[in-house]
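Below, in structure tokens: the form predicted alone, a single chain.
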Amino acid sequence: MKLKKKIKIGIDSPSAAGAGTISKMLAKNYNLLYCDTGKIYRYMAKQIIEKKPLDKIKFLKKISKKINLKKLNNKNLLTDDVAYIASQIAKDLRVRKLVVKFQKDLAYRPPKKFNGSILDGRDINSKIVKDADFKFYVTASVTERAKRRFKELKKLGKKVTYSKILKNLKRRDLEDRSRRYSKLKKTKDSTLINTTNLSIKGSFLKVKKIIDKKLNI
């Protein structure tokens, strides 16, 4: 599919709401460059866990210059331990500043072969791509999100329990909403997509319909 102009799509969401899968489907449908920005912090967290640096900020400054999309496509970034450390470092404004340029380069300067970009995360529409052509806030009940994450991790062979995942998601939600910088929130111009009672396909089609209507497809 060739679009008349390059487009930017921003999606904000709490963990396990389905935003990542929906974004990938949209990226494939419209031929867009895609990035799950949360994985940037997960990648950093994984490096901290493995290397145990004494000066975390100095260490993250160094590795932030070597981040690329290929490095973010790693199943080992999906563990609860990595997620917890990621949520902690994401609170630090110094860390967030390290990855802003990388995110904006993806959003505003995707390779010519793409029709644009789509980024999902916690502060995409409020901080990273404020002028996105399409803004969505994807969410679902915390119990439904815990079920989805439990099934996802079980398929990957992880030893997890539903109760622990639910507890971790509730803690993560609280931290995402209450952190001082770039907190998770729905911007006024974002369209709310609640996926609690929707299948992934149904969620994708709902978002696609909104985009197609504006693009006159």
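In this text, all values refer to a predicted model and were calculated from it rather than measured experimentally. All residue numbers are counted from 1 along the displayed sequence.
Form predicted together with ligand C5P: not shown, discussed below.
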Ala140, Ala146, Ala86, Val95 - the one with a heavy atom within 4.5 Å of ligand C5P in the predicted complex: Ala86
Residue (of Lys56, Arg179, Lys186, Lys46) lying close to ligand C5P in the predicted complex, criterion heavy atoms within 4.5 Å: Arg179
Listed range touching ligand C5P, judged in the predicted complex by heavy atoms within 4.5 Å, from 107 to 115, 86 to 94, 130 to 138, 67 to 75: 86 to 94
4.5 Å heavy atom contact, Tyr41 and ligand C5P in the predicted complex: yes
Touches ligand C5P in the predicted complex: Ser15 (any heavy atom, 4.5 Å): yes
Ligand C5P in the predicted complex - contacting residues of 157 to 173, heavy atom within 4.5 Å: Arg172
